[in-house]
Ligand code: ADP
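Heads up, the chain below is alone and in the form predicted on its own; it's given as structure tokens.
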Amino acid sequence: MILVLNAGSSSLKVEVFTSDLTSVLSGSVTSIGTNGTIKLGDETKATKTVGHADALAQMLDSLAHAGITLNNLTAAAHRVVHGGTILTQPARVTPQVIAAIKSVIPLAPLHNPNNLAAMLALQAAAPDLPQYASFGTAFHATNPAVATRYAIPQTEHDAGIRRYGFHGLSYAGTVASFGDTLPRRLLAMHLGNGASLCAIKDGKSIATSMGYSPLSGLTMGTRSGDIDGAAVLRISAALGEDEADRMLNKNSGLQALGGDNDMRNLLNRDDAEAAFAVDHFCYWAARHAGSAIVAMGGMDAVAFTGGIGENAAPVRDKIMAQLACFGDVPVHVIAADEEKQIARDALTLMVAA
């Protein structure tokens, strides 16, 4: 069995898979560092953790009570948010890989340290257990330089200011779900509280809407999406860097336009503010989709995934109505499952070894 770990900024999700990618059990620890909950299967209880290592120890204890011990596991696999330009494929965790993950912490300071914390804690608990890592940016490593390079001086580019793209595990899982029926030119949209799209040609990402950070691109639940750099400078001058960051990432998007970042609530409301927020979300998704279609030289199909993409038919319909000028193409709805993709990556590496 493979234990998949997804360490967030204040949470830890786990899922156990068999060798045929069947999910056996899943759970989570929330509000790490304070009073939270630990959930495994159908059982939930209050808990208090002091960090990700402690959260992992408590989760391992809960798994053991459920009959899954470290001795039952053949491997562990981790989601790492950012691999930079170094880690562009799934990899077995080695001292060199750990060093590389540390080196790109400046690109994901809120996430990579927690991904590492879970990795190192499990290494201490089970030093002989093989561990693997999948990177949220890796799927977009196939983007050509013309798609990733900002038109800025070389010194800043060399310092890491470029487009990386995110939601890569979701897009890789979308590609895998098609098997031999994968369309040659697939427009994939991961629409949730975080939203992006990807131009996938011959199974590879060639363009994506997110850039240096997950802030750019589409209108999102609480993120602004694309905004002029001069406007960001003005907001930062007025509010300060930290407050500007908080505003653009936490208090913008659907939240700012409609007073709610939950698309379900906005669709159920009957007022102009909610309608405008939904229209804005769909309009900019379609606008960015046009750019992705140009990058592919056309499109053969569209795939929607993510919480909104999977469940909000009115949103899908609005977006596709605006893309009708590109012709009638099949529309697929794909269940997002990053954990399964991480397990798939680990299995692939284990077989190759």
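Residue indices: 1-based, along the sequence shown. This structure is a prediction, so every number in the text was calculated from the model and none was measured.
Only in words, not in the display: the form predicted together with the named molecule, which the text now covers.
Engineer: Verify the contact flag for Ser26: yes if a non-hydrogen atom of it lies within 4.5 Å of a non-hydrogen atom of the named molecule in the predicted bound form, no if not.
Structural biologist: Contact with the named molecule, no.
Engineer: Tell me, yes or no, whether Arg184 is in contact with the named molecule in the predicted bound form, where a contact means a heavy atom of each within 4.5 Å.
Structural biologist: Residue-level check for Arg184: no, no contact with the named molecule.
Engineer: Could you tell me if Gly211 has a non-hydrogen atom within 4.5 Å of the named molecule in the predicted bound form?
Structural biologist: Contact check for Gly211: no, nothing within 4.5 Å of the named molecule in the predicted bound form.
Engineer: Is Arg264 a contact residue for the named molecule in the predicted bound form, using a 4.5 Å heavy atom cut-off?
Structural biologist: Arg264 belongs to the contact set for the named molecule.
Engineer: From the list Ala289, Val302, Ile319, Ile308, which entry has a heavy atom within 4.5 Å of the named molecule in the predicted bound form?
Structural biologist: By the 4.5 Å heavy-atom cutoff, the listed residue in contact is Ile308.
Engineer: Only one of 311-319, 62-70, 291-299, 48-56 has heavy atoms within 4.5 Å of the named molecule in the predicted bound form; I'd like to know which.
Structural biologist: This holds for exactly one stretch, 311-319.
Engineer: Which of the residues spanning 184-216 lie within 4.5 Å of the named molecule in the predicted bound form, based on heavy atoms?
Structural biologist: Residues within 4.5 Å: Gly192, Asn193, Gly194.
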